[in-house]
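So this first bit is one chain, no partners, the form predicted on its own, shown in structure tokens.
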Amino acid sequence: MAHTVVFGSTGLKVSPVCFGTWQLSPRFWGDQPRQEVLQAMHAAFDAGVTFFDTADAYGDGLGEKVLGEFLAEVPRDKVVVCTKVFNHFRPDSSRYPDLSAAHVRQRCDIELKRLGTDCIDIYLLHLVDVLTPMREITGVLEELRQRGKIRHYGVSNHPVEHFRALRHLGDYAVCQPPYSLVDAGIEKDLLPYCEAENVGVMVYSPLHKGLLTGKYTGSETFTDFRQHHPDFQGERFRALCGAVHELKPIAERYGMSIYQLVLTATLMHPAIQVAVVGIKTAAQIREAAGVMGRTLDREDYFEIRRILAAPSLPRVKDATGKTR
């Protein structure tokens, strides 16, 4: 029997590992073989992964189209689908924020068609649109739910105070923030709030864009968007890779790979029900699915956190200008 968790107040039973499709964004990850990703989706389903995440922004709809092909080949009622809305696309594929009611209605219909389904299980606001009033955004989401086009709604990439304000206006039941054991800042505010409010939390980039998989030595260079990310540059990249490889003896004691150890530890946080993992191949999803239902001793969990905290790492400024 597949291992599932109850996803916050939605009541949905989902696999704690969610198949993410951000990799189908060529401008971030380069071109991915479409058929290989489809095969990975079927391998995920066979391994008990029943939760799939995408967005209209991933490859300008490519992620939704590929997921739609998969959905046509499996029982729809056995799969939970999450997608997102935010961008207004120009003919040249450039984009700008638009969560106005008229635009959200239009995008939802387009997304339903791409996915080949009559209802989206979880519909998320991908980012913050500062121009559209929150009451207007909430109103159209409620309208879509009442019309049976979506079942539940929530946010992605929203700060805690913005999320708190939205929840005063509507039933925002899901939150999808970035989180990893080396970038765990939301433990200070967003995660405690979500845990207290029984919000379904699905974190993305739990392997920190691949850095926590254990496959890097610190000498690699990148041609995708990571070539500009400070954690994949110079001495900091080498130090982080060194810390990750210190986890190997712990992983071996549990019969796990470093990838599985980190994913297991991530899912142990009481506020996190689901980890969204970026998948390109069937082998990757089988490895990820192997952690479902597993746990670690408390002592080992905190030893992993100690190692990855790595206080000697060179400190860098993030996108907000804060040093970490």
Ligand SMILES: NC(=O)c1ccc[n+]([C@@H]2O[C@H](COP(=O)([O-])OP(=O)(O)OC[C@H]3O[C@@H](n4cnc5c(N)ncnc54)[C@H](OP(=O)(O)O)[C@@H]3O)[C@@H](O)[C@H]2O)c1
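All figures in this text were calculated on a predicted structure; none of them were measured in a lab. The first residue of the sequence shown is number 1, and the count goes up from there.
Not pictured, yet referred to below: the form predicted together with the named molecule.
Though the partner is left out of this view, residue 22 does reach within 4.5 Å of the named molecule in the predicted complex, counting heavy atoms only. Using a 4.5 angstroms limit between non-hydrogen atoms, residue 287 touches the named molecule in the predicted complex. Under a 4.5 angstroms non-hydrogen atom cutoff, the named molecule in the predicted complex has residue 207 among its neighbouring residues.
Of the heavy atoms in residue 67, none are within 4.5 Å of the named molecule in the predicted complex. Residues with any non-hydrogen atom within 4.5 angstroms of the named molecule in the predicted complex fall in just one of 34-42, 265-273, 295-303, 52-60: 52-60. Only one of 138, 157, 132, 117 lies close to the named molecule in the predicted complex, with a heavy atom inside 4.5 Å, and it is 157. Of the residues given (126, 167, 107, 236), 126 alone sits with a heavy atom within 4.5 Å of the named molecule in the predicted complex. Annotation: in the predicted complex, residues 7, 151 and 192 none come within 4.5 Å of the named molecule through any heavy atom. Looking at 267-295, the residues that come within 4.5 Å of the named molecule in the predicted complex, counting any heavy atom, are 276, 277, 278, 279, 280, 284, 287.
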